[in-house]
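Two versions of one and the same chain are coming, encoded as C-alpha cells; call them structure 1 and structure 2.
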Structure 1
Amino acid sequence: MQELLVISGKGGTGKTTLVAAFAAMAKDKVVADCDVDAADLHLLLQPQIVTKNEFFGLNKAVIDAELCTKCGSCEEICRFNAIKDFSVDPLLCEGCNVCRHVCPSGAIIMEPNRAGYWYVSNSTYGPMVHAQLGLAEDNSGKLVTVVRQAARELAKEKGHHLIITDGPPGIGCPVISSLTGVSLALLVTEPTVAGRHDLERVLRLARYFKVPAVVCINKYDLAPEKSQELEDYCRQEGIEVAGKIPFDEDVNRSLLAAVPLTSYSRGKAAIAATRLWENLMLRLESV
C-alpha cells in the first residue's frame, strides 16, 4: 500500500484543491482528510457518511462538589485560569492533571472528553475518512493518527493500494503525525517570500523523517521571478519540482460549484494538475 501526502508549510496554498483534483482522477484509492483543525475536503467531495465515531482527546478536570472543601488550592495552581468559584471551565481546561494532584480532599477527577468525531464515508470519488473537532478543541496529532489508521484499514478492506491524504499545514505535531511513514510527500508552495520560507521548513521536516518529497509551485505565473527563485532553491537542494500550476479563474469557479477542479474544467490549471498527477504516479512507482 502506498500513501501520498499533500502538505504545505502554511495554509492557503491550494493543497486541498489539488487533493480533490487527484481524487477525481485516481482509481482504487482511499482519500483521507488529516487537516482536522480546518477540515474542508468534504466540501468538494461531498461524502455520504457511513459510520460516525466519537473521538476522545485529553481528559478534563471535574470537581466533585460533595468532596470539595473549597480550600482554593486548585484555583491557585491552575495556570490556564480554568478553575473559578470551585468549578472547571472545560473550554479552558488543558487536562494537565496538576489540580488533581494538589487537591487535598481528592475532589478532582479527570473525565474523558469527547473532542469531536471521525467518519468513514462514501463519495462519488471513492471511500473517504475525515474528521471534525469540536469548538475550541485541541488537535495534538492523536486524531490525525486515528484518521490515518482508519484509512489504512479501509483500504485493506476495499482492496485499494493507494491512500491520498490532505495533510495539515505547518510543521507541528499534526503534520508530524500525518508525515511519518508515507510513501511520498507533495510539498505545495507559492511564489512569495513566505512561501519560500515555509517550504524550507517543511522540507527539513520531511528530510528529518526520511520521507521522499517533491514540490509543486501553485500560481507560479503571478510572480515569475519568485517562482524561478523557488526552482533554483529546489535544484540546489536536489528536490524535484513535479509541477507548476498557473493562476486560473476556473479554480475559484470549481470551488464555488463544490466540484473538484479536474471534473469541472479542462482549463490550464486543470491540465497542469493532470500532468502533476501523472508525474506523481511515476514517482510513486519508483519509490
Structure 2
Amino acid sequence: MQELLVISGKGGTGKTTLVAAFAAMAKDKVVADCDVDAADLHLLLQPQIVTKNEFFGLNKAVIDAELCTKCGSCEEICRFNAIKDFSVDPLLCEGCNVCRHVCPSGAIIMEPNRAGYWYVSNSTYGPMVHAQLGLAEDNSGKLVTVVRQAARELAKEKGHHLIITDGPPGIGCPVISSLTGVSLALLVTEPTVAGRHDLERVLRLARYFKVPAVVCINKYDLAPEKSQELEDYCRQEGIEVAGKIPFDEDVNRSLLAAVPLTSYSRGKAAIAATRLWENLMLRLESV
C-alpha cells in the first residue's frame, strides 16, 4: 500500500486543487481529506456519503453542582485555567482527569465529547474518506489518525494500492498525524517570501519523520526570481522539484465550477498538473 500526502506548511498554496486533479487522473485509489478542521476537497469531488460516523475527542470535565462543596481544589490544581466559579469552560478543558482525581466529593465526572464526524463516501473519482471536526474543538490529530486508518481499510477492502491524501496547513499536530509513515510527501509551495519560509519548515518536518519529499512550485511565473530562489534552494537541499504549475485563470474557473482542474481544462496549468502526476507515479514506484 502506498500513501501520497500533499502538504504545504503555508495555507492556500493549492494543495486541494492538486489533490482533486490527482484524484481525477489516478486509477484504483482511495482519496482521504486530512484537513479535518477546514476540509474543502469534498467541494470539488462532490462525494455521496455512504456512512457517517461519530468522532469522540478527549473527555471533558463536568461538575455536578449538587455534589460540589465549593472547596475550590479543582480550580487550584487545573493547569489549563479551565475551572472558574465551580464550573468548567469546555473550550479550555483538555480532559486530563486531574480535577476529578482531587475532588473530595466525587462531583466531577469526565464526559465523552463528540468532537466531530468522519465519513466514508463514494464519488465519481472513487471512494473517499473525509471528516469534519466540530467548531472550536481539539484533537484534530486524533481525528486525522481515524481518517487514515479508515482510508487504509477501505483501500484493502477495494483491493486498491494507493491512497492520495490532502493534508492540513502548518506543521503541528494534525500535520504530524498525517505525515508519519507515508510513502511520499508532495510539498506545495509558491514563489513568495512566505512560501519559501514555510517550505523550509515543512521540509524539516518531513525529514524529522524520515518521509521522502518532493516539491511543486505553484503559480511559479507570478514571481520568476522568487521561483528561481526556490529551485536553487531545492537543489542545495537535494530535493526534487517534481512540478511547476503556471498561473492560469482556468484554476479559479474550475473551482467555481466545482470540477477537478484536469477534468475541467486542457490549459497550461492542467497540462503541468498532469506532468506532475506522471512524475509522482514514477517516484512512487521507486520508494
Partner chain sequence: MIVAVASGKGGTGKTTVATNLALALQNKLPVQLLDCDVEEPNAHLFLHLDITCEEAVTLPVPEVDNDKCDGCGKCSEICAFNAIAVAGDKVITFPEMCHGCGACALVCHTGAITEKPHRIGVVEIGNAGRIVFAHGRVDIGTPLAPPLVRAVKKHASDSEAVIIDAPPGTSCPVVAAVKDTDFCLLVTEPTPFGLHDLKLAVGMVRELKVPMGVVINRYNEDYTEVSEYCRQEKIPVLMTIPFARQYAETYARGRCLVQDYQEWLPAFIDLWYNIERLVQQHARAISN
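Just so we're on the same page, residue numbers count up from 1 along structure 1's sequence. Here the rigid core means the biggest group of C-alpha atoms that line up within 1.5 Å when the two forms are laid on top of each other. Bear in mind that the values here come from a model prediction, so they are computed numbers and not experimental data.
As for origin, structure 2 is the form predicted in complex with the partner chain and structure 1 is not. 19 degrees is the angle through which the smaller rigid part turns against the larger between structures 1 and 2, based on C-alpha superpositions. In the core-aligned comparison between structures 1 and 2, the Cα atom of Cys71 sits 4.0 Å away from its counterpart.
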